[in-house]
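Below, in structure tokens: the form predicted alone, a single chain.
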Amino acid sequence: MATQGRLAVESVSKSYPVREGAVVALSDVTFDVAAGQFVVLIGPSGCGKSTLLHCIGGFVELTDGNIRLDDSAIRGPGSDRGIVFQREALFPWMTVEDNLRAALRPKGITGAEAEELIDTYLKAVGLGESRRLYPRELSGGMQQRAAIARTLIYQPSVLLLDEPLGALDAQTRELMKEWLVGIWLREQKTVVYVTHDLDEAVFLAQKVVVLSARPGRVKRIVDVNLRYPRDRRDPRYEEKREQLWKLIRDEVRFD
């Protein structure tokens, strides 16, 4: 297992100023993520899942509380955390291999070392034959694999995934879920993953953090103690999914 990538989210709150006061997005959120663990955040729309992920990434300043990575407080973005969004964030004017090459330059990795890493990660994500294509020439699933490869290549301790499969068709989503489990097992990275999809949560997670309706609070932490690869025919799989649905259903509002 990984020796780095331990996260501690400690009494985190986040408010945004508005004309008539403030909107409280998160309130007193506390949970831990072990090094190398796959944790999924779920909750009703607007509960602050993505806000929390961006706080962990250091892109959003906390109103209160603390987030620690390996005992060091997170004060801003850093190369120890890599984030992938719902839609690919590849540079459209660069080929796949050039996108990966660009990710290595800030770390001063060039030449033969860079080329070896690019070869390794393109093969790991199944894009070895597509290295000279541009993003517009790739399918949605291939674009997301390229984006994840570009994030992994600079070796962050923590991988943050904000609904990375949300824009994909159903068949591609299924294949990508299987692929994500494989790449996580291979890389042994700490993963924090945001989704609305309960099946996705059960299929991927070792631990699911269920947030309440806004302001987001930790309603329940659910351990998913099922072996990989996960089998939907296992009654325990459906039991976990139903448990998550009951927790979410009580929080859904239509006002």
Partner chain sequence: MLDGVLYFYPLIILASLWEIGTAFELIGEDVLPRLDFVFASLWRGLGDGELLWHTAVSLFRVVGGLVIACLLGVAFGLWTGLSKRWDAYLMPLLVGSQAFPRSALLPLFIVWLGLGETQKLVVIVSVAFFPIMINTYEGLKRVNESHVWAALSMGYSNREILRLVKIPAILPYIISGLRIAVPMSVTMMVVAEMVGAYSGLGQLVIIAGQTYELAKMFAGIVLLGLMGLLLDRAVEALGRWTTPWNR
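For clarity, every value in this text was computed on a predicted model and none was experimentally measured. Residue numbers count along the first chain shown, from 1.
Absent from the display: the form predicted together with its partner chain. The rest refers to it.
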| property | result |
| --- | --- |
| Contact flag, Arg75 vs its partner chain in the predicted bound form, heavy atom cut 4.5 Å | no |
| Distance check, Trp179 to its partner chain in the predicted bound form, heavy atom within 4.5 Å | no |
| 4.5 angstroms heavy atom contact with its partner chain in the predicted bound form for Arg145 | no |
| Any non-hydrogen atom of Ile83 within 4.5 angstroms of its partner chain in the predicted bound form | yes |
| The single option of His54, Lys219, Arg214, Arg230 touching its partner chain in the predicted bound form, heavy atom within 4.5 Å | His54 |
| Selected contact from Ala167, Ala89, Leu185, Leu175, since only one has a non-hydrogen atom within 4.5 angstroms of its partner chain in the predicted bound form | Ala89 |
| Stretch in contact in the predicted bound form with its partner chain, which is absent here, among 96-104, 123-131, 67-75, 109-117 (heavy atoms within 4.5 Å) | 96-104 |
| Residues from 127-158 in contact with its partner chain (non-hydrogen atom within 4.5 Å) in the predicted bound form | Tyr134, Arg136, Arg150, Tyr154 |
